[in-house]
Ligand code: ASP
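Have a look below at one chain only, the form predicted on its own, in structure tokens format.
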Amino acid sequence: MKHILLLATGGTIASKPTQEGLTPEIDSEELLRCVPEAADICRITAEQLFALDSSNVHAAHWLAIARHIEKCFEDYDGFVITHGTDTMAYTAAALSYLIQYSPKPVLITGSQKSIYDRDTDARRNLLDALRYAADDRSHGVAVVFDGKVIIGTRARKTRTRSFNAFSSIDYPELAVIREGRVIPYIETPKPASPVFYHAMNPRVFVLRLVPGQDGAIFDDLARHYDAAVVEGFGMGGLPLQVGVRVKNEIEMIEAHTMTIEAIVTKLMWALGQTKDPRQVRSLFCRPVAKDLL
């Protein structure tokens, strides 16, 4: 029987109602007690990393998760991380860059309603994540949600209320889980050994352009950030310029079909490895976990 490490980080799945709204108060052991069926799937060790609303999760927490997994990587057959949904896609993308070529599954799941509620998606999602973690074919970083397995660099939260909250953007789902069975859509060979990274630079800003945007904003950004992600119009148009001209004249990096979550976290990862602009470009343009197709 596979031995899986369950890492709890807070989020709605672990929340209880309080006078101030839902608050992460359910720890990893209590989460596990809510799914007694899990004992038939795998052997589980549960640990609490932190207890946060996911809107408060950022690069320091992604690094902490990756460090913890690296420290005990040889002791377990897979890893399941429970997490809030609002920034789950950012965490999945970040871990895809911090833990590359993993022969073991590193899975992120959560829920739209607390496991404390009677009618909730939490139990199913947690059980599905454990099932996929225990499957012999599983490896790499992925999101498991509403019966779908989505590669970490392609996940995005597209619905705020529906249990069907996450979609795979411009790439097929890796698998589905139906009635307790893992049905793979895409199978790839397992890598031999993981590569862990230990640095990220959070000084990345996302600028979504609006008509009439004042170009002076870039002077302000340059004083406070090391990189800016510019969401232009259409196929990359900017005011008074077209995307091709910008790409050629000032050597902007084209992100193609990458998700914004993957773009931001990959830049943070690349800038964490080097400050040389050409090396940053080289790292960013190297495909990782199907982020660039």
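Predicted model, so just to flag it, every value in this text is computed and none were measured. Numbering starts at 1 and follows the sequence shown.
Below, we refer to the form predicted together with the ligand, which is not included among the displayed structures.
| Just one of 70-78, 196-204, 215-223, 107-115 has heavy atoms within 4.5 Å of the ligand in the model of the complex; which? | That would be 107-115.
| request: Please run the contact check for Ser54 against the ligand in the model of the complex: heavy atoms, 4.5 angstroms, yes or no? | output: Yes, Ser54 is a contact residue.
| said: Ser102 versus the ligand, in the model of the complex: is there a non-hydrogen atom within 4.5 Å? | reply: Although the ligand is absent here, Ser102 would stay clear of it in the model of the complex, with no heavy atoms inside 4.5 Å.
| message | Can you tell me if Thr85 lies within 4.5 angstroms of the ligand in the model of the complex, counting non-hydrogen atoms only? | response | Answer yes; at least one heavy atom of Thr85 falls within 4.5 Å of the ligand in the model of the complex.
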